[in-house]
Structures are given as structure tokens and as C-alpha cells.
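The form predicted alone is given below as one chain in C-alpha cells.
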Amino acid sequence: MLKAVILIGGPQKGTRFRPLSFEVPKPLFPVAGVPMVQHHIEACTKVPNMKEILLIGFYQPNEALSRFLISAQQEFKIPIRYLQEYAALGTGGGIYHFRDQILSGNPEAFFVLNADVCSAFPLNEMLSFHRQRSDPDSFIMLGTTANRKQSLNYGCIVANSDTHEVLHYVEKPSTFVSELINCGIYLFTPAIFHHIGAVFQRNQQELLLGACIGEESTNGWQRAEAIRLEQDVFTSLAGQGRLFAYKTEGFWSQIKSAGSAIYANRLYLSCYSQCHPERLAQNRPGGPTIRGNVYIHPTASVDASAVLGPNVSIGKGVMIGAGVRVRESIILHGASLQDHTCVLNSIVGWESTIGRWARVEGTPSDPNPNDPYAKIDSETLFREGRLTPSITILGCNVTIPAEVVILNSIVLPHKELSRSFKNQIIL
């Protein structure tokens, strides 16, 4: 039997995702109509013999998370549990801390997926790749090709082109190492805990040694259990004949910033035509004009003269008036777009209102379309003291008056604007 672990992180992470992460834990942010982490869960349930899915993170178990877990269990007919860390333990520390829960029932192997990636999740392919290895206790990491410049922002894998063995692994190198990067999706056997345990022992000895010679711990909260799979485990496993890279040609992207959520929205919508055609809106007599891939929640009310798409997601209870134009955007539940508004490359927050003839527009932070291996840049918010032009984000309960233009701006929740803004963070 198999299990899956999804690492969902916690509230101190996701700062680049503000103001959206103020309202909902980042893994529950809707991308292509469903919570981000539901795409992971769905992929896991398509693996035969999957018995349980565990979410590990350090969010307080809140109402939204509990509600989501209950509905996901009902929908996918599989036990899904949330295990809360007592602190941020890193990508390896979390699974080591909960190793008894992961190993209960004796799974032959388990997947580990980072929640902040969007992917076609080739889990079955990784499984058959693993079963082809002669060593049943080998470990698999999913890799994809990035361009030379961007590869420096990721974990870089040097692999043997015949055997696919990982010979060398470096997390965010300072000079070019390899175009093959780590996707944050792994297949482990229980033997991985032996290697994580060795790091734990080493950390403990270092802490004891530091305490003996009266050293202050470097970051004030150093714990032996804070273990990073990438830097602490993979670097030492590389070249030992245990770690292998499965290279995917399918889509993959990180979801670090709100701009990358718009890109992930596009990637997931584009695969719906194969895996979820029922989620895509169609052009129907008396309905709005649909261009390209569009998701509309059944409870949304859209005027027949509106034009939506490509790459638009409309949430629960959204109201869209006459002559509205929406493109490359996510409109979250309860928002209202009054007549003749135009929304491009933007995320419109929960319960926000955009007045008549207003225009809300951002600059897409898309990867270079002429480079097949380009990834989305996780831009910093500011460059040289100025806001980097990117998508426009309206937090929840924002009111935009009629006939104004909001361009490349971030508006924090509960704001009532009175005029146009450009390249601003509106606090």
C-alpha cells in the first residue's frame, strides 16, 4: 500500500502571497476553481492502492481547514488528516516528527509533495520508474528542465543520463550547476527515515557541543528537529546510488507570489480539457461570451453581454454585470463587477466591488513565451525602491469607485478607494 504527505507550511511563510494569505491559509487559495492543495489530493487519489493522505504544517487547525478536509474526504473517499507541527520544522523535520503516523499500516512507499507547486503530478509514472530500479529502497525526486539563468533559483540536480542516478545536488547554487531542477515532489520508501535520523543525530550533537562551549544558537530557535530535505538530506544522498531523478515533460511551476497564482490558474485550466471538461464554461445561447479556458462557479451570476477569458476563474456567488470584460484573472467568491468594468491580469478579493466603467489592470509576470524551459520569476515586490509592476491584487472587501483606473497596485483588505492609483501599495 501507499501513502502521500503534502507539506503545507504555515502562516509565517507565504509573505509574498499577501494580502491574499491574510484571509485564507495559502494552500486553500482557489486556483482554477478549487483550493490549491486539492489539485495535489486529486492526483494522489489517482494512484492505485493509495490508502491515506496526510497534510503536515504548522497552521492552527482552523475552521476553513477543517471544513476543507471533511469535504475532500467525502469527495475522494479516502482518509485525509492534518498533522500540526509545534513549530516550523523544515521539509524533512515535519515528516521525521510524524514518522510513526506515516509508517502506520506499513506502506511500501510514500509520496511527499510541496503544496506551493502546480504540476501535472506524474505520480504513477514516478511509481513505475521506482519499481524498475533494482534497489527497492531507492528514492525518486521529480525533476524538470529550467533555463541556465533561472536554474540558480532552484535545487539543481546532476544526474547520470543512462541510470538517472543523482550524482550531485545543490540547493540554489551561486554559479551554474545543471538545467535539471528539483520540483519538490518525491517518492520515498521508509528507509528515508534512516537518512533523516542521521541528520537529526548530527544536529543534536552539534547543539550539545554548542551548549557545552557556551555558544548562542545561530538563529535563536535552532532545534535538532529542524531538518531540510534539500540541503541536509539530498546533498549527502547524492552519489550514493540511492537517489534517482525522474524527469517530467509535463507542466510545472512554483506558486510563491500572487502573480504565480494567475500563471498556475492558466496551467490548470489548460489541462481541464483532458481531465475535467465539466469544469470549463462553454458558449451557450443567452450566456456570456467565453474565450479560451474559463471556470465559472455554478452559483455565479454572469450577464449575457459579458466577455470572459482566456484563463479566468470566477468564484462562488460572484456577480458580473453587463458589458464586463475579464481576462487572465481570478475573481474570488462574493465579488461584484458592475456594468462595463474591465479586469485584466488581476486577482479580485472576496466580497470586493468594482464600480461601473472602472478598469483594474496588472502587468503579467509570465515566463518568456519564446523559451520552452523558462519558469516564472518570483520577483521581489520592490526594485530600486519602487514597486515592481506585476499583477494587481485587491484584498477582501475592497471598494473601487466608478470610472477609476487601478494599475499595477496592491490594495489591502477593507479599503474604500476614492480615486485612481498606479504602481502603489494601498495600505
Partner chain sequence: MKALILVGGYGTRLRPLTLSTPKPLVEFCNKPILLHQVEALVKAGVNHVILAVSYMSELLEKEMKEQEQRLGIHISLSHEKEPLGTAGPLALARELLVENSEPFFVLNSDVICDFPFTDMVHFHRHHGKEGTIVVTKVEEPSKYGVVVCDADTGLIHRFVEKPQVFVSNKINAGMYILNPSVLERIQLRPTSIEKEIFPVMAEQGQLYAMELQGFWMDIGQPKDFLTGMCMYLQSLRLKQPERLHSGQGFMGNVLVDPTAKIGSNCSIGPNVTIGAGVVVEDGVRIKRCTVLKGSRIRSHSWLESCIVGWSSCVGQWVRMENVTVLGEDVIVNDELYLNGANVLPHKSIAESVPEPRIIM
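Being a predicted model, the structure only gives us computed values, none of them experimental. Residue numbers count along the first chain shown, from 1.
As for the form predicted together with its partner chain, it is not shown, yet the points below apply to it.
_Partner-proximal stretch of 223-231, 104-112, 258-266, 321-329 relative to its partner chain in the model of the complex, 4.5 angstroms, heavy atom_ = It is 321-329 that comes within 4.5 Å of the partner.
*Though only this chain appears here, would residue 346 touch its partner chain in the model of the complex if you measure heavy atom gaps against 4.5 Å?*
No.
*Spell out, yes or no, whether the shortest heavy atom distance between residue 357 and its partner chain in the model of the complex is within 4.5 Å.*
Residue-level check for residue 357: yes, a contact with its partner chain.
*4.5 Å heavy atom contact, residue 361 to its partner chain in the model of the complex*: Result yes; residue 361 sits at the interface with its partner chain in the model of the complex.
*asked:* Is residue 416 near its partner chain? Define near as a heavy atom within 4.5 Å, in the model of the complex.
replied: Although its partner chain is absent here, residue 416 would stay clear of it in the model of the complex, with no heavy atoms inside 4.5 Å.
*Report whether all of 66, 81 and 278 sit within 4.5 Å of its partner chain in the model of the complex, measuring from non-hydrogen atoms.*
Verified in the model of the complex; spot residues all out of contact, no.
*Counting non-hydrogen atoms within 4.5 angstroms of its partner chain in the model of the complex, say which of 202, 247, 242, 340 makes the cut.*
Spelling it out, the residue with a heavy atom inside the cut-off is 340.
*asked:* Under the 4.5 Å heavy atom criterion, name the residues of 281-315 that approach its partner chain in the model of the complex, in sequence order.
replied: Residues within 4.5 Å: 291, 307.
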